[in-house]
Ligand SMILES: Cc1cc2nc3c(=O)[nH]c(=O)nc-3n(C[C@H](O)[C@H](O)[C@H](O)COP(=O)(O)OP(=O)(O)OC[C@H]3O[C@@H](n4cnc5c(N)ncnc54)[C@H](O)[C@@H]3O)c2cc1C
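First, one chain by itself in structure tokens, the form predicted alone.
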Amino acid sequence: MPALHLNKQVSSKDSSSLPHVVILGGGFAGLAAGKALAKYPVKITLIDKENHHLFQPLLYQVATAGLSAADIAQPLRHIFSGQSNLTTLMDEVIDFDLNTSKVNLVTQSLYYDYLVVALGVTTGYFGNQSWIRFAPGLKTLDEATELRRRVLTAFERAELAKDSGETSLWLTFVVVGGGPTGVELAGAIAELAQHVMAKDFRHIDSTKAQVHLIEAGPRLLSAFPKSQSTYAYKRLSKMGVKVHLNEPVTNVSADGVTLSQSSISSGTILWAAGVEANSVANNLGDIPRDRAGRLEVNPDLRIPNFENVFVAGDLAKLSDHKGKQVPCLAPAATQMGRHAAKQIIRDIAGRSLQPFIYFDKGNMATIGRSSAVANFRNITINGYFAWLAWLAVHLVFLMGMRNRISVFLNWAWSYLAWRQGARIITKKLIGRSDGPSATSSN
């Protein structure tokens, strides 16, 4: 490793003689940046308001009782326990003072020489924040367990219903958003009702549950080739999911959703329709943003006018060298995190910074048992072999050997026996509506 020298004065507020790199966020981008700096003479502080790294691509399986929360999360301290130059703090960002290179947390303020902002995005409701209590999103473990509670409770309330109308209300599920998360949620709920729970109840027939998937645009999986959108539509329809295209949601209430051309009565509404930037990013100053609030960064991932602040992951809006917008996907976030780390090392060494070049590793979405879509550049795969590829890729990139083994065994058991092992109803989260009757499940 070449000798490094600091081309900026080290902050006097930092007692260390090493450059201090502060990383905000323990997602894919933050994790990649921290690991990429492991062998270099820098002091790293990684901050996240949670104590774990979350494998978000499998969150929907927690929400639909296929996996437990511990299967897809790993403590950040454990991940970095062998990296002596990195300290993990469970804290939350309040705001920034970019002019003095300081980040203010709930418990303290930290000075930095380099800042990597990888705070990610949250669920977006297109300005309709009042819908949150009726239609929770899916970005955190808390939200996943809330969705699972609502889905499982709906079947329990249908079993207790006093008339067919109430039964129908609780056995009608609405998923808003036709991207990968929405497609995966809709397919998983349909399979849960038709197969996993088919023999569990005495007064209701769970196989008669209706699952509606709402998409405002003309097709599902808009980031995929059109042929795969058509495949997903046909596959979901065969599974009994009622797909609504070109029907944006105009209102959400405790009793259902109103669409541009119709309405659906439902006791359980799940939101997978949009994202918006983490609100803390608003404190980064007057930086150009897209409609979702994501920051428009320079080609090297730095924000305008501040040479020591990088943005990586879903929070960054950037087009690659071919003019294609870098997607909000785990591989892209990982690549951005590594690139930010490499540019920090280049800057410390007095070398010019390089633009970020995105390597497209393709895209995948599972539709249900033995069915998925996958594409890599000009290669598209649908069906069983795409599903096998989806399984393999997610197992490989899941953090921790224990988690990989646990998830593999859960998948094998679910596939062979049509059983979900995480069908536990947990306590309601404070401040959430619980559907039409607004009572607790416990």
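Numbers for residues come from their place in the sequence shown, where the first is 1. All values derive from a computational prediction rather than experimental measurement.
This protein has a second form, the form predicted in complex with this ligand, left out of what is shown; the following refers to that one.
Candidate site formed by 57, 139 and 314: every one of these residues places a non-hydrogen atom within 4.5 angstroms of this ligand in the predicted complex. Contact annotation: residue 91 falls within 4.5 Å of this ligand in the predicted complex, judged by heavy atom distances. Although the partner is absent here, residue 308 is not a contact residue: none of its heavy atoms lies within 4.5 angstroms of this ligand in the predicted complex. In the predicted complex, this ligand lies within 4.5 Å of some heavy atom of residue 280. Looking at residue 331, you'd find a heavy atom of it within 4.5 angstroms of this ligand in the predicted complex.
The contact with this ligand in the predicted complex, taken as any heavy atom within 4.5 Å, belongs to 120 out of 120, 177, 267, 187.
Exactly one listed residue, out of 35, 43, 49, 404, brings a non-hydrogen atom to within 4.5 Å of this ligand in the predicted complex: 49. Figure note: of the listed segments 112-120, 289-297, 341-349, 225-233, the one touching this ligand in the predicted complex, with heavy atoms no more than 4.5 Å away, is 112-120.
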